[in-house]
Ligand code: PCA
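Heads up, the chain below is alone and in the form predicted on its own; it's given as structure tokens.
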């Protein structure tokens, strides 16, 4: 009996050790502060995966560019330096025009329209990511993008020469068409860039404005509702394929929940962000008729340019979107 007990104890120890050996920890770089709703959503997604796999796959989030800067996250996941990450996908439109589908000015300017556009683009987006050694997990929208500045903007002429923060191809092109001076700035660097005068205007959501406390440097927010960009979460393809099927399914199921939850949260928080900007002394207003007309003209130009650059796939996405 003593010998049997020893054998059983040994088997239990081996089983426990095997369980420890099979458990994995994945570091997940994020570009935005821990208090940003996207980062909070990613943390909830990570918890869902941890619980769904009984701790066999633990995801640890690293917000605010603390592990990799925003511009480096996608490449880090592609090359296996990080197994999973989150990135504003339109920041990579220079790699493939399809990555800029959600940032065509004034094409989809509401949450409802944004969902329809993404539904038309999602399958093709997955294909493009797979060709780059990435597996799509989920996407969540930002609130509609508005125009921040330290002066009144009543028409496109008022934008001439303004130092403008660009964060993707669309914002850089807007700057070019409007006669502004674009400067590439990641979200984690925005507060310092505003404080030091490197930039004095940008297009982004009220969420980014609150995260960066832009009222310390800027005075105006125009609710132009230019577009609703998306953050994507993706996994290194080899890392994903190294998981068993049950764990893969947990990742995808938790991702589907996170995508829906993140976009719903963005919609719920939109008005509150603008109220907070106003409460901190900023002028929050709709654009003047002239500014709206000028920006819409830029949008028409950029839509045609995007369709031309994206080819048949891009034209098919726009056609499917407009047919809904």
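Positions refer to the first chain, counted from 1. This is a predicted model, so every value here is computed, not measured.
Separately, the form predicted together with ligand PCA exists; it is not shown, and the next lines address it.
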Selected contact from 187, 139, 178, 243, since only one has a non-hydrogen atom within 4.5 angstroms of ligand PCA in the model of the complex:
187
Output flag, 114, 232 and 263 jointly within 4.5 Å of ligand PCA in the model of the complex, heavy atom basis:
no
Given 126-134, 244-252, 76-84, 204-212, the stretch touching ligand PCA in the model of the complex at heavy atoms within 4.5 Å is 204-212
Answer yes if any heavy atom of residue 88 is within 4.5 Å of a heavy atom of ligand PCA in the model of the complex; otherwise answer no.
yes
Using 4.5 Å between non-hydrogen atoms, is residue 32 touching ligand PCA in the model of the complex?
yes
Residue 167: heavy atom within 4.5 Å of ligand PCA in the model of the complex?
yes
